[in-house]
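So this one's two forms of a single chain, laid out as structure tokens and tagged structure 1 and structure 2.
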Structure 1
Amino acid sequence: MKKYITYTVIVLTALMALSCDGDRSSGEITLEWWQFWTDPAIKPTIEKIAADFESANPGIKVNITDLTWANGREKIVLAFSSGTAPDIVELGSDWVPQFSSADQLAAIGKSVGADTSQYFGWSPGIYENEIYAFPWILGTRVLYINRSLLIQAGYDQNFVPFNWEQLTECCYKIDSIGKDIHGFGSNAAEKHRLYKKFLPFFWSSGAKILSDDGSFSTIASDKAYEALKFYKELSDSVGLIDTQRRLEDAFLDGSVGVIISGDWLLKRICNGGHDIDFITTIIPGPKYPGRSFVGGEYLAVSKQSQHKAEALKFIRYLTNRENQLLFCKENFSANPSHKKAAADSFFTGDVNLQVFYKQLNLSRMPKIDEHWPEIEEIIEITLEDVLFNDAPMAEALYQAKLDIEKLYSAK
């Protein structure tokens, strides 16, 4: 009787284990992938790449879950903390340190180390000399100028502002064309967007958020003050203040002359049938061409995943030259991480995409820091107070310095 009971327990335990891991019992593995590309124009390409991977790898399925930039990071944080993280997760470049420092991502350096020279943009995926995330699609922002308004303002059709003085003069002259014309598009208080419009001027001035050794914040420096003063004066005097999407609408409608935007606006212009004569150029600095904000989409494997090898196999498939070219051509993305993809004639033969390529080489990523999401929020609150609530600039920057330094003193 005891032997019978013991045998029954063993059988039931085995059956329960199989039922809890159905994909293994059926010989099929399902990879859960959380990603942010939900635009109907590009989602079919994402699904095609996943389907092609499944065809090339019988026994592996990819289940895609869509996230939004509005609350995607919060959902990812919750999933990791609750032990329900997907096998593969797409992360913004400035989010990676938060998860790698918390020991929530699988180390992939041994598997991809030999191929790092083939890709741009590894630094955000590296924490304490180990690789935790694979660069996929990079992105920066450039200056867009309405050429028709530029000519009406008295400029040559090929003029581009080289420094802050020329940019200011250009925006003022365009703004003076008529009451319904604005010289500059200035971002409203949008999460994850406002600070990306200010940081190009901040970095171009030579300002820094943290000291080189990370021991204190330098955000309240004279250079930071001058950058904020320049941006606020441009915004207050000739700026149309609105959301990113509405600023782009206004640019396409011919009611704003100069805006800062990414390659997604090229896609709108090319695919939307917009009749607009425009120029793209590098964001100006105080005296010389300036820096811009660069970020990107990174792919990481959860440390919780039971299928790490298969997950990494899918990441390498998604980021290979052919699939990056397919994605970029369909989405009109300017900056693939694969170097051989970036050398394709699709990019080298387009003057606007080349501007993005040049700007990328003059751009900066935020400091690789686990506190970056909190620093980003502090910067955005500071900008909102100064730009929209008329807070004194020096006091606001000093408060930002104190708030940033609290993040490190709390360790």
Structure 2
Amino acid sequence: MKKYITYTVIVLTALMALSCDGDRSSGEITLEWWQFWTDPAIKPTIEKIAADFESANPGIKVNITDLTWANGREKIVLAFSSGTAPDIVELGSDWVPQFSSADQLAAIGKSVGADTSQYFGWSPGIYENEIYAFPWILGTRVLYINRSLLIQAGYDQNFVPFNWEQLTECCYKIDSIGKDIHGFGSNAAEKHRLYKKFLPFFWSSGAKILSDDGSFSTIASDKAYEALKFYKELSDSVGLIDTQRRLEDAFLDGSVGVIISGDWLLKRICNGGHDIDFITTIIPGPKYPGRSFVGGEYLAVSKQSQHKAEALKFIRYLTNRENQLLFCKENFSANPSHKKAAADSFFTGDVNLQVFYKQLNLSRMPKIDEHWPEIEEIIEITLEDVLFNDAPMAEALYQAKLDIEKLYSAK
């Protein structure tokens, strides 16, 4: 028994001792940075950029904490809620307004100043005319087509569909090749994914979620109805309905001809192991090439940070032209936020990457405010009802309009 007690006491003392080494030397600033790039293929680049920053700025240290995609947001929210937020945090574009509207992020508009014109994608970072988050790595979605199937369906190898009519026709033709081959990859009810695949068609047709002054919802409009009808017909007749990850698998093994996806699929194909002849193109609109969805990773300084200036300095360093290029080349990211980086020949000279560049210029960021997550959910529920439960479209869209307007009238 005594042995047990002694053992326990020793262990506990050791733990206490271990836990008390938190005292960091004074005179040196440590920036806490929470980020999501943990893949062994890209983490060294992240570490390298941070180390370069440290050696260029003696007296500043950057301490990186890795977050997982599945639960990282939870940890960020916990930290902000309990007053222990890191100095710098990476946020998804659709999360930013939840933090900026809650007054948790430092305003960086004054310091960034005129440089805003050098970057794409400010809108998610802006709340009530002030900038709270810096765009870093953006990502838009484009159309991927399996060229072998296209040729099998009787098309010329240079054919690229640019409007809805052509897209429909080519999906139908591919679908009729065989029983196990589907025309179009259509997303199942998957949180945070389904609506991103519909909004490109919605925007391309000219529909909008909110009126320009934001006072009412325009989601129930003839144009929105057209887009929904188009998407539903495609999905019902030639769609393979599955989750995004599995749609990509199906695309790679040739069982679906056309899908909407982002640059990560390009990365997967380039990493090898897939024997696929494919093309990418801008998402078709009703008559001409249309708009797409764009999201991305943003960097923000927490309001609680003691070292806001240094934190912003680090953000500026991460997002400068050279470091964005370095990062994007290592990570196959197609859409850096820095305009000069985006226009680099690395992107414009590549047959697929330039599609992403063009699509980004045609893309739209939803007008994101603190209600965005709820709007997102309303759109998803509407889509689920219409696509999978055959709810009448006009009524469903009208209900979505009422639900969205309720969000704004509540305040």
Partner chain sequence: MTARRIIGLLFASPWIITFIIFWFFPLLYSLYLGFTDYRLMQPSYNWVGLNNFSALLSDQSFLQSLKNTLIFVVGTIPVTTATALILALLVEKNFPGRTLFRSGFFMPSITSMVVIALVFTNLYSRGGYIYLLAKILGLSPPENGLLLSDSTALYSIMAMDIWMSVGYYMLLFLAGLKSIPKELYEAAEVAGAGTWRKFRSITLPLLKPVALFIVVINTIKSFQVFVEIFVMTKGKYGTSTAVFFIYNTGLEYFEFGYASAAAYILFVIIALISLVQFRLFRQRSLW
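Counting starts at 1 with the first residue of structure 1 and goes up one by one along its sequence. In this text, the rigid core denotes the largest set of C-alpha atoms whose superposition between the two forms falls within 1.5 Å. None of these values were measured; they are calculated from a predicted model.
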Checklist entry - Form predicted together with the partner chain, is that 1 or 2? => result 2
Checklist entry - If one rigid part turns against another between structure 1 and structure 2, which of Val258, Ile315, Ile379, Leu138 falls at the hinge? => result Leu138
Checklist outcome for this item: The rotation of the smaller rigid part relative to the larger between structure 1 and structure 2, from C-alpha superposition and in whole degrees, comes to 14
Checklist entry - Keeping the rigid core fixed, what distance in angstrom separates the two C-alpha positions of Ser82 between structure 1 and structure 2? => result 3.1
